[in-house]
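Here you get one chain, nothing else, as structure tokens; it is the form predicted on its own.
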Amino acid sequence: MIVFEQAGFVYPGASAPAVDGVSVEVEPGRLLALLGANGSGKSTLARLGNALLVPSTGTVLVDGMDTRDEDAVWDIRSRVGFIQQNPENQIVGTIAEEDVAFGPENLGVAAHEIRIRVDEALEAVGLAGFQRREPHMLSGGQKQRLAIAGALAMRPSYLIADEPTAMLDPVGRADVLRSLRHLRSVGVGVMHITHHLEDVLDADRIIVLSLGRTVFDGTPAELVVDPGRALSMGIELPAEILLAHELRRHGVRLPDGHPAPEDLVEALWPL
């Protein structure tokens, strides 16, 4: 488990902390969504999670290892994969399989084991058969999935994805979200940082940050129940959820929670 215990971080020269007393856990097999406006501290918290940054105050533990312990950093980063917003910032191989193999090679994994890991990781993200494909020949969504495969080849227990769909078209976005859901289903703990609530409506838990502090901690259903409150935190609700609120307000019966668009159509059709 990744445990943030009253974690805080102040950048040199800054007048206020980027992260201020945040406590949250990333559990195996569960998806934690982290939302908030630009400057809310999301990316800083992400970097605290795999020791790219160490907390100024509080503690960050990864399976009991303190991220301040320099002797534990390599093990921590082996357990916590990290995906950036722009996949081109972390693609290093001239062909896909070389890129995926880069991490395990640096861990000293045996060649035959690397071959297995590369093939399994590419298959897990839907890129089986792309082993010899050059990264510049891939679409944006495929590049992001290649970056995810590179993290998976390290056999991480957790994956932190910092706005992985921000630069993608709808097709690429759907592919990446599908890959993240697959990881959760096989026991990887996922922290998904995003601006888009609709991407994480199936999350196990949502944290909303504002000015480095936690302003919401709960389930997606608890967040969307009050559109005004969500908006006050800088969270824009998807159109179908706003429509569902209006329909309920006018007496239309809908399923509990956040109905899918087809549920709305079915509810409206008799009218």
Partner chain sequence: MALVADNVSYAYEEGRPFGVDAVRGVGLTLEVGDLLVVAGTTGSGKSTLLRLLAGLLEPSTGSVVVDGVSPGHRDARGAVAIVFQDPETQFFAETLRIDVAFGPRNLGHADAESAADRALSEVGLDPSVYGSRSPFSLSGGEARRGAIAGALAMGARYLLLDEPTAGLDAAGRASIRGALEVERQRSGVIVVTHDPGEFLDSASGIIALDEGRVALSGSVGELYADPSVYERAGLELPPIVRTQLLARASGMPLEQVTLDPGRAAAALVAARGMRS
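Remember, predicted model here, so these are calculated numbers, not experimental data. Positions refer to the first chain, counted from 1.
This next part talks about the form predicted in complex with the partner chain, which is not shown.
For the interface check, one of 27-35, 62-70, 209-217, 229-237 should have non-hydrogen atoms within 4.5 Å of the partner chain in the predicted bound form; which one?
After filtering at 4.5 Å, what remains is 229-237.
Looking at the partner chain in the predicted bound form, is some heavy atom of each of 57, 122 and 127 within 4.5 Å of it?
No.
Would you classify residue 184 as touching the partner chain in the predicted bound form, given a 4.5 Å non-hydrogen atom cut-off?
Contact with the partner chain, no.
Is residue 189 a contact residue for the partner chain in the predicted bound form, using a 4.5 Å heavy atom cut-off?
Residue 189 lies outside the contact set for the partner chain.
Heavy atom to heavy atom, is residue 252 within 4.5 Å of the partner chain in the predicted bound form?
Looking in the predicted bound form, residue contacts with the partner chain include residue 252, since a heavy atom lies within 4.5 Å.
Does the 4.5 Å heavy atom contact test between residue 242 and the partner chain in the predicted bound form come out positive?
Contact check for residue 242: yes, within 4.5 Å of the partner chain in the predicted bound form.
Sequence-ordered residues of 182-202 touching the partner chain in the predicted bound form, heavy atom within 4.5 Å
Contacts from 182-202: 195, 196.
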